[in-house]
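There is one chain below, alone, in structure tokens, taken in the form predicted on its own.
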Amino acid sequence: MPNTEMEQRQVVVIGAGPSGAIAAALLKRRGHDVLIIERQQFPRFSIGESLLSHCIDFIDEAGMLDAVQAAGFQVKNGAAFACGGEYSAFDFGDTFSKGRPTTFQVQRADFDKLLADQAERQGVEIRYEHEIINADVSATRPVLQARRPDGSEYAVQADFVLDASGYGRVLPRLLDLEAPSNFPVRKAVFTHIEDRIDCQGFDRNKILVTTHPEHRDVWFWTIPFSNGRCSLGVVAGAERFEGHDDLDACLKSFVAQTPSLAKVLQYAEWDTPARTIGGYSANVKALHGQGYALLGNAAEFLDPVFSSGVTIAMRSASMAAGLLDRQLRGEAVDWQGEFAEPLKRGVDTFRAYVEGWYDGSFQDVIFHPGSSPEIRAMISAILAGYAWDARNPFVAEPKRRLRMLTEICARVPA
């Protein structure tokens, strides 16, 4: 690295999103010096707006729950699924794991800024519009090269670095840690609308996941907010978007092909230009290394279908903060056995059901009317984010249990 001014810090967190804010706050609450370096200025737009119940556990742990509850976000008590004339709803108050019965649906610009502000109020320093441009982890204490908004550069040496940079994937890019995902390349086109929903049976307290009536691998999210607006998006293989250069027309066309969703949104005011993101599924060679660990989407992102991204991010933040606190106090910590492997178990649970969603087997289970209340409670626990609760048979053995359920659904008439 070039000769520049060198700053000494205990912990540097890259990114002020949910995982970064929570990890930083948890470490600060344990008495450690924490600096967050964030490339953007908050508030800033982001998707991932439908939180799972497990998220509330980590928000509470970080001392931010009162502020989140006071912010007026839309309460979410479950998830609903629709396909043609079929409809199936899961209530987070009725889960095997007996976790939090409600969570929130949030506009991430406001939500992320709220968490970051809460971290600052607890004493965390945040530098917005500062970008990490290089990283050297060859020595015992890693060194980050950063660029200020005015273009000048400086270096920070830390005892430890947590990468919470989300889709920016700072350390995976700089340290050549990126690995290909085994998921097909998919794309999302999305917007915010004034929804004006006046449809009997529509529940604003749930995310609505709607499957295209002809293409089971094409699905929509409808996430109502408390201000009469909602987030709307369609997800499909990248090839299904070929020739759709007008994003607004593309999204409207997919909705028009899906009568049940078109009915829900028939009075909507489409007042915001659509956006797109593609090729978002990602993986890394390792979740940690000498002097650093990767959190949330900086490490791995599966798919938006079950809104697992923020939950995985917050779970990884809580786990990493606890381990790092011990390490900074002189304890020996096994980052592979105590962080990477336990985190991966929950991620792999989500992965099994994401794969089952796209091959149709999990959709068969969700929409089958013959599922017992006990089985539905086990599935609901996963949809609520409790994918690390190994007492749940559908967490302990996700692939085998899903295969078993699929076979039962095939034998029992709908």
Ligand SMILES: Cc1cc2nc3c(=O)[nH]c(=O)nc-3n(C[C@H](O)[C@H](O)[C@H](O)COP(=O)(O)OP(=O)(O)OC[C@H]3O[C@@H](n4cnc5c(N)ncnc54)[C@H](O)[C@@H]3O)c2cc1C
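So that there is no doubt, residue numbering starts at 1 and follows the sequence shown. Not measured: the values here are computed from a predicted model.
Below, we refer to the form predicted in complex with this ligand, which is not included among the displayed structures.
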item	value
is_contact(W221, this ligand) in the model of the complex, heavy atom dist at most 4.5 Å	yes
This ligand contact at E178 in the model of the complex, heavy atom, 4.5 Å	no
Non-hydrogen atom contact H368 with this ligand in the model of the complex at 4.5 angstroms	no
Partner contact for F42 in the model of the complex: this ligand, 4.5 angstroms, heavy atom	yes
Three-residue site L208, A387 and N392 fully in contact with this ligand in the model of the complex at 4.5 Å by heavy atom	no
Segment that reaches this ligand in the model of the complex - one of 62 to 70, 47 to 55, 360 to 368, 347 to 355, heavy atoms within 4.5 Å	47 to 55
Answer option from P172, P142, G78, P304, heavy atom within 4.5 Å of this ligand in the model of the complex	P304
The unique member of V161, C230, A313, A320 whose heavy atoms fall within 4.5 Å of this ligand in the model of the complex	A313
Heavy atom within 4.5 Å of this ligand in the model of the complex - qualifying residues of 150 to 179	A164, S165, G166, Y167, G168, V170
